[in-house]
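Just one chain follows, in the form predicted alone, and it is written as structure tokens.
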Amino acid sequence: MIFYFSGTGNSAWVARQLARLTGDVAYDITNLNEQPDMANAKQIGFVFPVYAWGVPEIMAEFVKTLPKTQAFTFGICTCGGDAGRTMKRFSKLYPLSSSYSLLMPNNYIISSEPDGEDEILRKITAAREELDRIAQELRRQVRVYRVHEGALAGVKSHLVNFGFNKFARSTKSFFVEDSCNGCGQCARNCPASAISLRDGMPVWAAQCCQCLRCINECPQQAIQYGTSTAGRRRYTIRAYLPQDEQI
């Protein structure tokens, strides 16, 4: 079985593609009402995005609840660049037999524009090829550590990630423009349940996980984050997938 968390779809696509290639079942951890029976599992995987060179809190808290098993375990983190010590820190929460990082299109539009169309398609194509390779290794249960940690990995995964979780997850900068039609999609789909509707308009709790699903998936592009996101293109992987790979 493969457990995954995803904001704008990159990790969901990776988990489901890998499940198809390996014959596993993929579970969105935000939709689980109870844990699947892991007693007889021969292989357990985890797929999630890198947030500020660390494990998203929502995934970290989930794995703390899981029983340890004798199964072969693996983890894949999706990222727009380097992953830092993300997978080593994850392995302290839940020991991994194999670890990977997988380059995917950039979706953190608070800090920069998303990748261009050609670059998005190039990264998805390369990811498909890498997933084929990973699937072959998993079927043989080869122990692998293929993670692009990048420069200053320790500093990024400790100091920068600490700062992100301490300060950057504040929702104070989120706001909605007049073009909002009150559809409520952002509130329904927020994986952190941090958005509610008040008088038909979204309001945010004090903190969220900064997955940016609300900004990127808003049908009206009415949600902004300070002055950073105005005029920037939005990104979800669904727009770039063939019908048979939709998530």
Ligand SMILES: Cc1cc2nc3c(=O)[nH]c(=O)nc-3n(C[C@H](O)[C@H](O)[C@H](O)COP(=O)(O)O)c2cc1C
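Bear in mind the structure is a predicted one, so any value in this text is a computation, not a measurement. The first residue of the shown sequence is 1; numbering continues from there.
Below: the form predicted in complex with this ligand, not depicted.
With the partner omitted from this view, the residue of I29, I44, L212, A26 that lies near this ligand in the predicted complex is L212 [heavy atom within 4.5 Å]. Proximity to this ligand in the predicted complex, taken as a non-hydrogen atom within 4.5 angstroms, holds for one residue of L138, A127, V147, C79, which is C79.
Partner contacts here mean any heavy atom within 4.5 Å of this ligand in the predicted complex, and among 106 to 114, 92 to 100, 127 to 135, 68 to 76 they occur only in 106 to 114. Among residues of the shown chain, F164 is one whose heavy atoms approach this ligand to within 4.5 Å in the predicted complex. Heavy atoms of V55 never reach within 4.5 Å of this ligand in the predicted complex, leaving it off the interface. In the predicted complex, this ligand stays beyond 4.5 Å of every heavy atom belonging to M59.
Taking a 4.5 Å heavy atom cutoff to this ligand in the predicted complex, the contacting residues in 24 to 52 are P49, V50, Y51, A52.
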